[in-house]
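What follows is one chain in structure tokens, specifically the form predicted on its own.
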């Protein structure tokens, strides 16, 4: 006799998790797209989905290491070309010897090729290259004792996996808390929720460009303590997501001193470090220097100018690993245990992470092309951000604070019809114009404020078409 299957009881934390970036507005956008509507997906930092062209260097090398026989074949074709000078082919039609050599070197160092598991932390030669990249980026001298250590670097399937590794370890009890900036990227709130921890909000000053000071941090910490929360870590996202703001040096100093005083681990999400369009990026590793605060830094191939979201590559670097209570192990050992359970991160992601930190040698043909492609992507991104910010000036009651960084703008909607929210606004904007954004409440915001996040990724020609429609929609919507 067939009966209805009994419903399963599941983890209530997962049941209650929210992730607005893939939430109701993008889901509605998908429905509209199925109906034949033209949708402009600005709800997520997914550059290649909006036409950003992959970097030639990365894709050439990846194709060769995935199919090594192409290396020999390319050389054979090049030899035939050189023997036949009357051919219509040109030198540029062949993959350069430099790229062939890099690809062969990767295969030699990986030993087992692309289809095999690697060490849990990832290939050592790649972790070694990441350490060299960090030392060069931050002007660290290996003789001064603060250089990066390949053994404290873990290759991850995107930075998201690294975040989950750390959050899973820090949350031991329900009252264990992690401080996160509001607004925040919902990966953090979701990861804390999933393991049953406590989210502790701190609020950067929007009108001062999303910076913060000791007072802001202490207020959040003190309130959490009164609520019985045991704060163990603090997240900082720089450049910011969703705000796009670039953190000033004083805010970094204040956060490091705050973490030192309260013995917290800093989780520094630095995946947008290449997306600083004015000025220079300053890492938390650089800011920490010889300090003893435990620090986790995260980077990814998904952002910057690479936009390789689908290949899922990145790394986690750990400094000053704390000892583990009632154990002889430290935090590095437990991260390695977690990585071991996952076996290893994606090998294409590992290779692309290697290429991110080890670009072509300067003055080579490959380097010149690489530099041109890099500058084009970054210049285009900045120009598109400027276009959108200029459009805000024509929208009633819209303000956007902070220096432009990352891939996003987070304008404040000061005027909305009574009884409506930023969710209502974003849904109506989607229905009317096809522009898919995310409501500010999906990231968290100060009570009584309304925002939206838009990724400035669409081609400029498309923005020129949709921005006037957005301006018209906005001014009509708020005048109701």
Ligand SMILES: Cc1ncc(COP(=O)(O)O)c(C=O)c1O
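Positions refer to the first chain, counted from 1. In this text the structure is predicted, and so the values were computed from the model without any measurement.
There is also a form predicted in complex with this ligand; it is not shown, and the following applies to it.
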(message) When this ligand is placed as it is in the predicted bound form, are 423, 437 and 477 each within 4.5 Å of it, taking any non-hydrogen atom of the residue?
(response) no
(message) With the partner left out here, check for me: in the predicted bound form, does some heavy atom of residue 408 sit within 4.5 Å of this ligand?
(response) yes
(request) Verify the contact flag for residue 153: yes if a non-hydrogen atom of it lies within 4.5 Å of a non-hydrogen atom of this ligand in the predicted bound form, no if not. (result) no
(message) How about residue 232 - does it come within 4.5 Å of this ligand in the predicted bound form, if we only consider non-hydrogen atoms?
(response) no
(message) Is it the case that residue 319, even though its partner is missing from this view, gets within 4.5 Å of this ligand in the predicted bound form, heavy atoms only?
(response) no
(message) Going by heavy atom distances of 4.5 angstroms or less, which of 255, 271, 267, 180 would be at the interface with this ligand in the predicted bound form?
(response) 271
(message) Just to be sure I understand the contacts: of 100, 217, 159, 171, which is the one whose heavy atoms reach within 4.5 angstroms of this ligand in the predicted bound form?
(response) 159
(request) Could you tell me which of 204-212, 237-245, 114-122, 389-397 sits within 4.5 Å of this ligand in the predicted bound form, going by non-hydrogen atoms? (result) 237-245
(message) At 4.5 Å, heavy atom to heavy atom, what parts of 248-265 sit next to this ligand in the predicted bound form? List them in sequence order, or say none.
(response) none
